[in-house]
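Only one chain is included here, represented as C-alpha cells and corresponding to the form predicted alone.
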C-alpha cells in the first residue's frame, strides 16, 4: 500500500470514528440532544464503544478469510483506542452527570445494579489494553504475554453486551443485532482450535 493511500485511509478512519463525538458536541452546543441530553450522551458513547470493539474484533477474521486485506491490521490499534475513548466518555458521563462525582452513590450503583457492575468490568478490562497499545509495550512484555493480555478484549465485549441488555426494559430487543455480531466474531475464533484438536486426536 502506498503512503498516500495509507494516509487517506487513516484520515477517513479518524473522521468516521470521531463522527459520533462531533455529533454530540454539536448537539450540546446547539441544545439539540433532545429532552434527555445525558441519556443521549450515554447511549451514543456506549453504542459507539461496542461498535468499535466489534470492528476491532472483526479485523483478524477478515485477514484470515481474505489475505489481501492483511493491511487492515494497521488500523486495529487506532480503532481499539477510539473504542477506549468512547468507553471513557461513557464512564465519565455516569460519574459526572448521573452521580455528580459522588463516590458513595457510585459504589452503591456498582454493588446494587448489575448493568453497572458489567459496565465497570468491561471498562476496567479495557484499561490495560489501552495502556499497552504501543510497540514499546509489545517489546517489553513479549509477544506471547502481550497477546494473552489482549484477550481481555473478549471479556470486555461480553461484559459490554451484558451491560447493554441489563439496562433495557423487558421486551426491548435493541441490543440483539450487536449481540449477534459480537457472538459471531467470538465464536469464529474457536473454529481453528477445533480443527487443530481434531487433527491431533486423529
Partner chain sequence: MLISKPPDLPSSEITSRGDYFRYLTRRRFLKGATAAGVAALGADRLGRLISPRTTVRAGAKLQTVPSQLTTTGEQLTPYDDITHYNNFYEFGVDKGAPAENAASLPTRPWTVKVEGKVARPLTFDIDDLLKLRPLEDRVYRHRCVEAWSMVIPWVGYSLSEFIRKCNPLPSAAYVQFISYYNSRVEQWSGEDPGISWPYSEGLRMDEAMNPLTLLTFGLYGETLPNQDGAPVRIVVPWKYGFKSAKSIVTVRFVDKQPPTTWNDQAAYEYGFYSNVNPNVDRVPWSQKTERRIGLPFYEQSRTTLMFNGYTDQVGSLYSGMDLRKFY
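Numbering follows the first chain given and starts at 1. Being a predicted model, the structure only gives us computed values, none of them experimental.
We do not show the form predicted in complex with its partner chain, though everything after this point is about it.
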### Query
So which of 147, 60, 32, 134 gets a non-hydrogen atom within 4.5 Å of its partner chain in the predicted bound form?
32
### Query
Among 41, 159, 153, 55, which has at least one heavy atom within 4.5 Å of its partner chain in the predicted bound form?
41
#### Entry: Any non-hydrogen atom of residue 37 within 4.5 angstroms of its partner chain in the predicted bound form
yes
### Query
Taking heavy atoms only, is residue 65 within 4.5 angstroms of its partner chain in the predicted bound form?
no
### Message
Test of understanding: in the predicted bound form, would residue 28 fall inside 4.5 Å of its partner chain by heavy atoms?
### Response
yes
#### Entry: Non-hydrogen atom contact residue 98 with its partner chain in the predicted bound form at 4.5 angstroms
yes
### Task
Would you mind picking out the stretch of 82-90, 69-77, 122-130, 105-113 that comes within 4.5 angstroms of its partner chain in the predicted bound form, counting non-hydrogen atoms?
105-113
## Note on the structure
Checked 122-136 against its partner chain in the predicted bound form; residues with a heavy atom within 4.5 Å, sequence order, are none
